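Single chain ahead, written as structure tokens, the form predicted on its own.
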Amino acid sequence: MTITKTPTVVAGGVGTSPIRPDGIPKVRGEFAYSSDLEVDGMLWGSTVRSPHARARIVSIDVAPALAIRGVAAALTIADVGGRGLFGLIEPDQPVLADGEVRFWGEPVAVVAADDRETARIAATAVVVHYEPLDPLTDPERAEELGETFRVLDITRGDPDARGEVVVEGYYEVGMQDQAQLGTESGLAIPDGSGGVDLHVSTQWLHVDHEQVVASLGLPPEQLRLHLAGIGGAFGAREDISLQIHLCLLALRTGRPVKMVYDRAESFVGHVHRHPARMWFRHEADRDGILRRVEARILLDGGAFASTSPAVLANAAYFAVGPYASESVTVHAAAARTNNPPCGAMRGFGAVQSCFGYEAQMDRLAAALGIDPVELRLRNALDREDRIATTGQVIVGSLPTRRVIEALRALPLPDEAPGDDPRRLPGGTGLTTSRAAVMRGVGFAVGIKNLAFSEAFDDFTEVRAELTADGIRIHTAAAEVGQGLVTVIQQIARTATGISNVEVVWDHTGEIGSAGSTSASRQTQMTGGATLRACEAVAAVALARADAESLDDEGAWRDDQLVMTLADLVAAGPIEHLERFRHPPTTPPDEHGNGDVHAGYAVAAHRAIVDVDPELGLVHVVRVDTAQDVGRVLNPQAVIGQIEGGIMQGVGLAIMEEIVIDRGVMKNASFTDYLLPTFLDAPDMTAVLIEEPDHWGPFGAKGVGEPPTISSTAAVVAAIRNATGRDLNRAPVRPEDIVGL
């Protein structure tokens, strides 16, 4: 291997779609997920959970569990050192219930035993006496009582501004589960010196580390978090689930402890998408130009804060969508209830708002007699415009009009549903005759911020190291299945011209934070750090190269190799640690205005649906999209993200919803919580709009969240178009269509 002066084209570099290094092992079943980890002498952990949405704990007796052969520990909040509380933004959730349970499924005690079945039996043997209390499950009542995690009021422009045409609407979005394929799992191994190594599937190693050491009262250096194989995330792994329990049991028993949630426990073991209740009022002039937008947004945050304050901010800041308006008033609140906690999920607040404001744009278009797509074009934001809510000037790229026009230009499919019964609303059940099918078309546009906002110190550390074999990239970023490992390799190859790139997932004691794998940030953040670190390494290596390799004018000779990598590193190590930050942001002022975001991305979706109006059945025929991607680093990975995101949007539109009754989850399984299958997958065409951004590597933007944001709104709009019904709630149920 050699290093050359101009690393222009290299196999597997930026703009190509190389084979993922983890792809073949995953397909063959050889990839080690966190649930596959085992060590000799390990115990199994299990959790005792509350059967009540709210209750006072009268007593807990762990003696019956400890009496079972093979049980090594049974612990309650009394056994927890440190502050005993955790939380991503606010440490308000007890490690184990402390005096009162506040949601159905809250952890009350943990046990460890020689095998998984014994641990499960021991958990059922713990005797807990409860005094049930009335749960607070209505978020509107909670807001009235002042039970809120955050209230955000935004005002901008003249509050007396008015438009000639006014439309109002009330909208709801249900609670959606991330439905990641791999459930929560991990393995804690005590080091024999009072410390512990935790191997876990997570989205943010360093913030997990902070919460565990604070909760258990450990010195930071005594805990090391290692990234284990992750089977999907979508926000479900941002919060602590079993991390503290595993470390607590391992330190108490002095033995390794493993936990793996089953699917039912996973439903209560992680947060979900916030259900939302929203009211909008849009006013425009006769030409369709928005003059004023008012919105009230209420999110149900559940029992504990999680990321509700940040999710609420996104819902509020994007209440107008990717459109200009000279006057805005938004009131938004995240309520504290005794429902299961809600937090991060793909789209992070922007999904809920988009469902509301895009329905409003369709209503406004109908009231004005203007084509819905044309109305969106007349109000679309672009570079150097101001975000309607915050007043922030858009510095980077935001090709909203290009995105809308590119999608509009795609041809529509044939109107006939065809002869394949699988393409009918009733599927192979043959419940729907072709003559009864009603076809509808819906259009929606969404916008979201990229990376973290509101003055958060968002950074990523990467260390690039030149070795005799190539480039080694050290990071603590979480590869959750999205292909970050491949993008890191591509960026490193392009920056150095070296094809052999190894990505090393360091533990928390070896490198600084890479931030969360969320908010569509890792390609720009860890990718940006990788680019700068590799450029620095390449510069040192080139400076060290033999000066005789240059001609009289200082140019490299085409026919002469510079130095082998082995020669370069033999003269001393060449490495660079880069801490990368995105452009600074500010907190909102008293009016909710300010430069609160580092950048934006937009996407548009057009859905075509076939509907059986008698049975209320829906088949999503197509969902086409155009998306603002900055620059495409890996075409195949981008398309994969778009297709997966659209499927989650389709699920929320027509079937996915966690059903809560007085705080109790009624469908905590994939038998009762419906997910789209391959038979539900629509045809898709994706147009990638490349307009390089100002701070991502090579102009790239994150692409993971936009596919979900407006796909739900587009599908529901198409069902409205087919049926003529208002349909102000997602998911749309059959009874909503038939009018029961």
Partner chain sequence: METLLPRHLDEALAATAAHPEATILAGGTDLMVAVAYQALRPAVVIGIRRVPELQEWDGRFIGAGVTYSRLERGPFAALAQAARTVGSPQIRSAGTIGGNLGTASPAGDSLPFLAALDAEVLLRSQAAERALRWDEFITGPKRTALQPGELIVGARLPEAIPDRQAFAKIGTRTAMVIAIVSCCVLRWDDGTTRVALGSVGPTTVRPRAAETMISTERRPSSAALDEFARLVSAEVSPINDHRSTAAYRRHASGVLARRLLERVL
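In this text, all values refer to a predicted model and were calculated from it rather than measured experimentally. Residue numbers count along the first chain shown, from 1.
Below, we refer to the form predicted together with the partner chain, which is not included among the displayed structures.
Site residues Met42, Asp191 and Arg544 are none of them in contact with the partner chain in the predicted complex, judged by any heavy atom within 4.5 Å.
Residues within 4.5 angstroms of the partner chain in the predicted complex, judged by any non-hydrogen atom, belong to 671 to 679 and to none of the other stretches in 701 to 709, 686 to 694, 671 to 679, 53 to 61. Residue in contact with the partner chain in the predicted complex (any heavy atom within 4.5 Å), chosen from Asp595, Glu210, Asp612, Asp506: Asp612. Listed residues Ala455, Ala78, Met655, Val166 were compared with the partner chain in the predicted complex; Met655 is the one with a heavy atom within 4.5 Å. In the predicted complex, the partner chain sits within 4.5 Å of a heavy atom belonging to His619. By the criterion of a heavy atom within 4.5 Å, Arg120 is counted among the residues contacting the partner chain in the predicted complex. Contact annotation: Ala264 falls within 4.5 Å of the partner chain in the predicted complex, judged by heavy atom distances. With a 4.5 Å cutoff on heavy atoms, Ala161 does not count as touching the partner chain in the predicted complex; it lies far away.
Residues in 176 to 210 all lack a heavy atom within 4.5 Å of the partner chain in the predicted complex.
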